[in-house]
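The chain below stands alone, shown as structure tokens; this is the form predicted alone.
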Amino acid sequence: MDKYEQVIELAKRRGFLWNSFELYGGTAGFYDYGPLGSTLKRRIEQIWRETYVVQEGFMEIEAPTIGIEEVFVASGHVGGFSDPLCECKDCREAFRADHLVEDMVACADALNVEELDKIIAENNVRCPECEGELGESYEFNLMFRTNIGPGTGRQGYMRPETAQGMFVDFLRLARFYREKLPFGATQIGKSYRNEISPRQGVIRLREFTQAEAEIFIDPNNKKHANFGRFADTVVNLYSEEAQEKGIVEKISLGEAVEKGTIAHEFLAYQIGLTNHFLKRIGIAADKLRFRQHLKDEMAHYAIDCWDAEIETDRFGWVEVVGIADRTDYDLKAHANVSKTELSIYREYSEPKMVTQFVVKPNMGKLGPLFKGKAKAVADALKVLTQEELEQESITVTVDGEEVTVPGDVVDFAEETVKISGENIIPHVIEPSYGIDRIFYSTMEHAFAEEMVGGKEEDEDEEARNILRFKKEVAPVQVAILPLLTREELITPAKKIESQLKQKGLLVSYDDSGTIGRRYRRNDEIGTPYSITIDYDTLEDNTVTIRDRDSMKQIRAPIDGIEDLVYEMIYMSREFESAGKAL
């Protein structure tokens, strides 16, 4: 088995991950999180909340997972959220066309269906399942469609990302933050994408968890007030230039901003924060890099975009976080579809005298001509230039329909006025985390198989599976192990269990099997510390604490043990200093 198979086998056996709908044969793209998996996932999410909500101050919201069609028309998902699909003419299996040719051409995901079909034909690419002939490719929209209400109802979609709820709530958020930039909102929740052929376990799911922040900033000031926190942080940058050379550059974030490699401080700060979070939960520093989007893959609305990528044993470098400066694209798009201005008012330190081009539609004339559409016509006239207005008849578009307006119903002129401020549309910085991919990467980077024992001539070595989770991430932080299932040992063991739980620690009570078997079981699920209650406990009120990684043991008193273990997990207290070595 390769490392992926080892991790997934352990995950299924120990209650981290199970195939969904297993009773009915299962279906690709869905996983259940078992008791330990759910706990590990929640620990990762909680540390993310501590990072973004508690420390950064970006409050969390919760929007519906179903959205009405207009939201996704504005976001571009209805018109452009698709992957190229091709089907085998024989077995009818579906595949992503770009995945079939990614080893033959660079940036296959940037090619259109005609270009992909040409490469498939030139290279005689066949069906990976049955070697059959492939049909023509076409664009397949990845959103799950649904109806809201009875009958045909109102068209809706399962959200393909959590971000749109935060954009739709922009005006409410702006008022909540008293319209003082920068401000941000966060959301952790389920998103849904009807992937064509998910064959990568939890790396590519049809239902997955995202943790996203939308940070609204001044478009004219992209410096970060706290950039010094990460300015000297050295990260592995795989910039556009580095990709051309085939190298990864180790460089401080401050230097990367100075060189112009990263567009500005605010984006670099978010890269630093992502680097801090991923290492905190246990991602190996040498298997983490930040890759810049190339020009031909950069979204048309983005100034700069970087992916945090984690190296995995089977899948290579996997994108787990996208960090982008999305400019004002999203707010303008929703403003256009909703016909609502999405901006904030910024007051000047002193009023300014400015010359403005002012358009004054005559509502007294427009009303009789256009009745209920008069206001919409007036609004359309206000955005025209002087040249466009200097016509006998003016053409504007209202609700997708062209309307001809007489030139004498509108006045315009340049006027000098005193203004105290202006409405601005903030730019958006978005770090978007794929929690499921991070979950798997955390497990793989924590997994190890090592040989133990064999110290004596007649003693054979045996394999020990171990998950070296960071202590604050582990789904079980302390195991309580009475040496034997006898009442005189169970009573103090249950008391210690209660003390630790009251301290907020994740505790399991395990009295099944030999003590050696229980140690191995807890090593395999990543429990940092095991506490054994034995007959010496009844004599001197002390217990044995075993360290998962070193397998060393110390003897420590029961009194205050909850504080001792808490300090070792959360306050970096050294294990050897916590008691008497055995």
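We number the residues from 1 along the sequence you see. Treat the numbers as computed from the prediction; the structure is a model and nothing was measured.
Quick note: we don't show the form predicted in complex with a further copy of the same chain, though the next part is all about it.
In the predicted bound form, Glu22 approaches a further copy of the same chain with a heavy atom inside 4.5 Å.
Taking non-hydrogen atoms only, Gly26 approaches a further copy of the same chain to within 4.5 angstroms in the predicted bound form. By the criterion of a heavy atom within 4.5 Å, Lys41 is counted among the residues contacting a further copy of the same chain in the predicted bound form.
Although the partner is absent here, Gly80 is not a contact residue: none of its heavy atoms lies within 4.5 angstroms of a further copy of the same chain in the predicted bound form.
For a further copy of the same chain in the predicted bound form, the listed stretch (164-172, 221-229, 405-413, 265-273) containing residues with heavy atoms inside 4.5 Å is 164-172.
Gln55 is the sole member of Asn541, Ser550, Thr514, Gln55 with a non-hydrogen atom within 4.5 Å of a further copy of the same chain in the predicted bound form. Site annotation in the predicted bound form: the residue of Arg464, Lys190, Arg126, Arg314 reaching within 4.5 Å of a further copy of the same chain with a heavy atom is Lys190. For the partner-free chain shown, just Phe140 of 118-143 comes within 4.5 angstroms of a further copy of the same chain in the predicted bound form, judged by any non-hydrogen atom.
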